[in-house]
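What follows is one chain in structure tokens, specifically the form predicted alone.
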Amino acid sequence: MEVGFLGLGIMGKAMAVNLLRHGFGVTVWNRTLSKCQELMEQGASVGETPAAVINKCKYTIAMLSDPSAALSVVFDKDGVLEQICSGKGYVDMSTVDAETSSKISEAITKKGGYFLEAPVSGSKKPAEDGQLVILAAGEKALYDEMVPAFDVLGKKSFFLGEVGNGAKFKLVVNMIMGSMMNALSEGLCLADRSGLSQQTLLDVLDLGAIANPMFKLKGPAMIKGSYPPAFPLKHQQKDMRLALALGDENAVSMPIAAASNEAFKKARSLGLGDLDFSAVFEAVKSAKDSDSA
């Protein structure tokens, strides 16, 4: 199975490598072409433009950073639309809002191509291990054809119906995750200021009803002030913003998510946007420091 792959960031690179390891033919493109070098060494071909990748491959996956990047790759000069045609499938695995996804879907299908949105739940390590959760929606026939690739990239994939449902589902998941990360950050800060052991707090949480892999994985590094970017904080804040907009659309009150979004914005203003989203802990600590000053 020959697959095109657009976007070699933290997630895209790991996913493309997995496909190569499992015997897929992969043609890659990245805005910064130097990022393709490592994939070439592992057997990938390189397309000079998104249009060139689409032209070569029956199926193309995109994994891009945000809605503007997702739209740019499709609509700009030498973009996807210049070569998409009947019989070709385009799978956008980026995390975007439903409106962006629908706009891309309409343009692809108008040209005779078929479209699937398939955002993923999971960050760098699950991407490397092929343990992502794939939230797909759109053309069911394309979903069925992509199952062999999804089985390599993820531990489970869901088909959620019409375009937009996958995008919305992913935003709900990331909104909950961002809110939980803020709660953990406040808890670690409160424990420390109260003269309690942060590590013991993690041990206790891990033994109770709110035990979860994220606290277990991220907590020890947060205590050490270490934030290697598995999921960059700027992307988490983007997802909080998009989730809050979805809340506006549906008249859902989301005060916890809104407060969490403010903490992520504060962290970005402190220059932490390129660190892991767990670096919001630094913004929480700095807020407590300013309160006590």
Partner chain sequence: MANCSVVNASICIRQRLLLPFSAVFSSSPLSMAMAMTSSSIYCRPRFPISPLRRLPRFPKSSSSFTTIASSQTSGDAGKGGEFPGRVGFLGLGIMGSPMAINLLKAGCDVTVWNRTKSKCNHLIDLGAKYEPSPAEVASSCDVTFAMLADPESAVDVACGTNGAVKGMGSGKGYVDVSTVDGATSKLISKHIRDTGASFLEAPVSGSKKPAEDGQLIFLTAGDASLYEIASPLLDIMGKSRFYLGEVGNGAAMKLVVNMIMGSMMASFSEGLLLSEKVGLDPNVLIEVISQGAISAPMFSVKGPSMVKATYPTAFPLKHQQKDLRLALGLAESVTQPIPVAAAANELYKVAKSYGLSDHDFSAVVEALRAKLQHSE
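All values derive from a computational prediction rather than experimental measurement. Residue numbers count along the first chain shown, from 1.
Form predicted in complex with its partner chain: not shown, discussed below.
Q) Has each of 175, 186 and 205 got a heavy atom lying within 4.5 angstroms of its partner chain in the predicted complex? A) Yes, the whole candidate spot contacts its partner chain.
Q: Just give me the single entry in 141, 221, 85, 210 that has a non-hydrogen atom within 4.5 angstroms of its partner chain in the predicted complex.
A: For this set of options, the contacting one is 210.
Q. Ok, 44, 69, 52, 246: which has a heavy atom sitting within 4.5 Å of its partner chain in the predicted complex?
A. Answer to the contact question: 246.
Q.
If contact means a heavy atom within 4.5 Å, which one of 73-81, 211-219, 143-151, 102-110 is the stretch that engages its partner chain in the predicted complex?
A. Every other range fails; the passing one is 211-219.
Q. At the 4.5 Å heavy atom threshold, is residue 125 in contact with its partner chain in the predicted complex?
A. Because no heavy atom of residue 125 falls inside 4.5 Å of its partner chain in the predicted complex, the answer is no.
Q: Tell me, yes or no, whether residue 260 is in contact with its partner chain in the predicted complex, where a contact means a heavy atom of each within 4.5 Å.
A: Residue 260: yes, in contact with its partner chain in the predicted complex.
Q. So in the predicted complex, does any heavy atom of residue 129 sit within 4.5 Å of its partner chain?
A. Judged by the heavy-atom cut-off of 4.5 Å, residue 129 is well away from its partner chain in the predicted complex.
Q: Verify the contact flag for residue 135: yes if a non-hydrogen atom of it lies within 4.5 Å of a non-hydrogen atom of its partner chain in the predicted complex, no if not.
A: Close contact exists here: in the predicted complex, residue 135 approaches its partner chain to within 4.5 Å, heavy atoms only.
Q) For 185-204: residues with a non-hydrogen atom within 4.5 angstroms of its partner chain in the predicted complex? A) Residues within 4.5 Å: 186, 187, 189, 190, 191, 192, 193, 194, 195, 196, 197, 199, 200, 201, 203, 204.
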